[in-house]
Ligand SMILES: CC(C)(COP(=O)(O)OP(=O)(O)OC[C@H]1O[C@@H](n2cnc3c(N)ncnc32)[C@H](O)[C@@H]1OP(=O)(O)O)[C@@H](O)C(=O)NCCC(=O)NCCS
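The chain below stands alone and is given as structure tokens, in the form predicted on its own.
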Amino acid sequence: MIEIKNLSELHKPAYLMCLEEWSDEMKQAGDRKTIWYEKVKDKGLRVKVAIDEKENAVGMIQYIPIEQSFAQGENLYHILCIWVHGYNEGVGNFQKRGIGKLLLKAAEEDVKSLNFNGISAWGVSLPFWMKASWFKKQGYLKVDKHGMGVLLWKPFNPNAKPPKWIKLKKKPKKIPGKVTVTSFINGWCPAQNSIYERAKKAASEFGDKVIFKEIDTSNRQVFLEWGIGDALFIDDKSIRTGPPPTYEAIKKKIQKRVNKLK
């Protein structure tokens, strides 16, 4: 028996680690999600968790007013992520039991009760985590696309206006004689937070040849200046961050750039 409940203090530790408290890899993300949570918890963040009969949190959905997200819209909520625990470790695999649909329905009903015009979500065009195709099956419509990222929405009344992606406005610049590693970090996603921590550590291995820069996009004005939420750049080149690259992979990419320095 699964119940969908609002986030409680009991389940907050699991939520802050995306239900993977058992994972050593997740622990590499540090405390940035906790910092982010404290910033936004009173700015409209909503979190619901799926609870099993043992009071374990086995699924979660977090959503926020679209003005606090990486998209542009009016009187909408935006789903940051929806996740049902799918590993054998910890609480075990709870996927493919309809829990994701229960979480999504609960969030939609919640947003309707708040008198918002609709809800949006992001999905990936390829068949892995946060699949755009899954949202389409739940009645969501595609309204925008940027790379593999698909923006979808479900309007609740005919006056609702569709959202749009806020897209890249500028990229980091090269610095002559140096390699620059730039981490754009919002804090909401532990996977992205772990990339930040790995990149920072890897950059430190090269002394003054490498400059590490952190750009905190939880500051809305900073995000709007760049049009980048979470990302990793080496010089002016974006590094693919899904799935999250290992520390060794990031260090290897930095090394290649260092080797090209004159």
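Position 1 is the first residue in the sequence shown; the rest follow in order. Nothing here was measured: the structure is a model prediction, and the numbers come from that model.
Although it is not shown, the form predicted together with this ligand is what the next lines describe.
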- Task: From the candidate stretches 97 to 105, 150 to 158, 165 to 173, 70 to 78, select the single one in contact with this ligand in the model of the complex, where contact means a heavy atom within 4.5 Å.
- Result: 97 to 105
- Query: Should Val84 be classed as touching this ligand in the model of the complex when contacts are defined as heavy atoms within 4.5 Å?
  - Reply: yes
- Would you check, heavy atoms only and a 4.5 Å threshold, whether Lys131 touches this ligand in the model of the complex? yes
- Using the partner position in the model of the complex, report whether Lys137 sits within 4.5 Å of this ligand, counting heavy atoms only. yes
